[in-house]
Structure formats: C-alpha cells, structure tokens
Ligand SMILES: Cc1cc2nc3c(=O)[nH]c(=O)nc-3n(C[C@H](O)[C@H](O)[C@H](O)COP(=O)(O)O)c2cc1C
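Heads up, the chain below is alone and in the form predicted on its own; it's given as structure tokens.
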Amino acid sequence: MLLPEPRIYRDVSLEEAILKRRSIREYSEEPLRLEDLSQILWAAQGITDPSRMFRAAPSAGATYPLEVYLVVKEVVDLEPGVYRYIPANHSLQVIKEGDYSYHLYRACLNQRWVLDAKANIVITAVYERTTSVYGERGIRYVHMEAGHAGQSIYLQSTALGIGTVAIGAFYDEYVEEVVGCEPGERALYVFPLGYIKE
C-alpha cells in the first residue's frame, strides 16, 4: 500500500525540534494519523535523492543494511498488523495481519509504553550488506546508521507532536519473531509512537 507523500516544509524548525526532543512514555488515546506515520517512516529511511536512491539516513557505502517494520495497533486508515516499510516507493508491505502489540510488549520486557503506543517502529539490520564490503568494521557502521535513523525518528516525531522513546531492552529473538525477520536479520531498536498526552 502506497503511503501519503512526505511533506518537505512545515512550521517547526529543526532547531526547535532539537530543543524540544525528549523521550516520551505517556501517550494520548488518539489514533495516529497515517500521514504523520508516513512522515516518520520517510524521515527514518525514505528516499531523498530518487536519481541515486539515497535515503534520509547516511549509510556507509550506500549499503543500506537497515529494515524498518511497523507494528500497528491503532492508525487511521490502516488495519492492525505488522508491516515492512519499502523505501523505494514509500509504501508498506503486509507481513502479518492482526494486532501484535501485546506480543511486542512481552518481547520488550513488559515496558508499558510499547503496549500503550498506537504503533511501534522496529528497526532491524542485515549486517552482511555492510560487512561484505567493509569486513568486521561494517558492524560499527551498521550501528552508526541505526543511530542516525533513530535520531531522525525522534526529531520528526517531535515536530509532529508525537512522543517516542528509543528502546534497546528486549529479547532479540522474540522481537525478530514478532516482525517476521528473515534469517540473518537482527533486531536493533524499538520506537513506540503516540500523540503526546496533554
């Protein structure tokens, strides 16, 4: 399914987003809007130079080891399920149908904000895409890229009035099972998303 086109200009400056960026663990009951979710996915890994297929986050040698999944609980015009983000055409691919937020919550050591979120982004990595070029040093480059993508998620979320928090405490294999990882693909990050509670 194609996502709404990302918006390039908005009222919140980069400087303001940096100033206001915080880890937020309390969310309102309002469902996420698909256009806001689309914007966050684009900021994480969207295409910013179609002629060369460069993405929003820098990648060593443009090897792009990251995969971005979405575990949807309550998003307007999007059924609950697990989706993979496809940067090439800014779309979502259905991996599993149904609400898997409870399974992700359990995989994330029962951190309540994972369950309370209206959607969770899960970032995984296929290390071999980068290590095949850079050897063992590529492992470091993959982690650096995940950090770049994570900060973009934080800043774009802040600009949209959406709260998030970077989660690294989870059972790796359980998270990988929830999102349906391929062999050789490893979970790195989870980002719950929900509008900031007033």
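Start at 1 and count along the sequence shown; that's the residue number. In this text the structure is predicted, and so the values were computed from the model without any measurement.
Beyond what is shown, the protein has a form predicted in complex with this ligand; the following relates to that form.
None of 96 to 104, 124 to 132, 110 to 118, 79 to 87 except one has non-hydrogen atoms within 4.5 angstroms of this ligand in the predicted bound form; the exception is 110 to 118. Listed residues Val68, Ile167, Ala149, Ala159 were compared with this ligand in the predicted bound form; Ile167 is the one with a heavy atom within 4.5 Å.
In the predicted bound form, this ligand sits within 4.5 Å of a heavy atom belonging to Arg21.
Although the partner is absent here, Trp42 is not a contact residue: none of its heavy atoms lies within 4.5 angstroms of this ligand in the predicted bound form. Within 4.5 Å of some heavy atom of this ligand in the predicted bound form lies at least one heavy atom of Arg25.
Contact annotation for 128 to 156: a single residue, Tyr154, has a non-hydrogen atom within 4.5 angstroms of this ligand in the predicted bound form.
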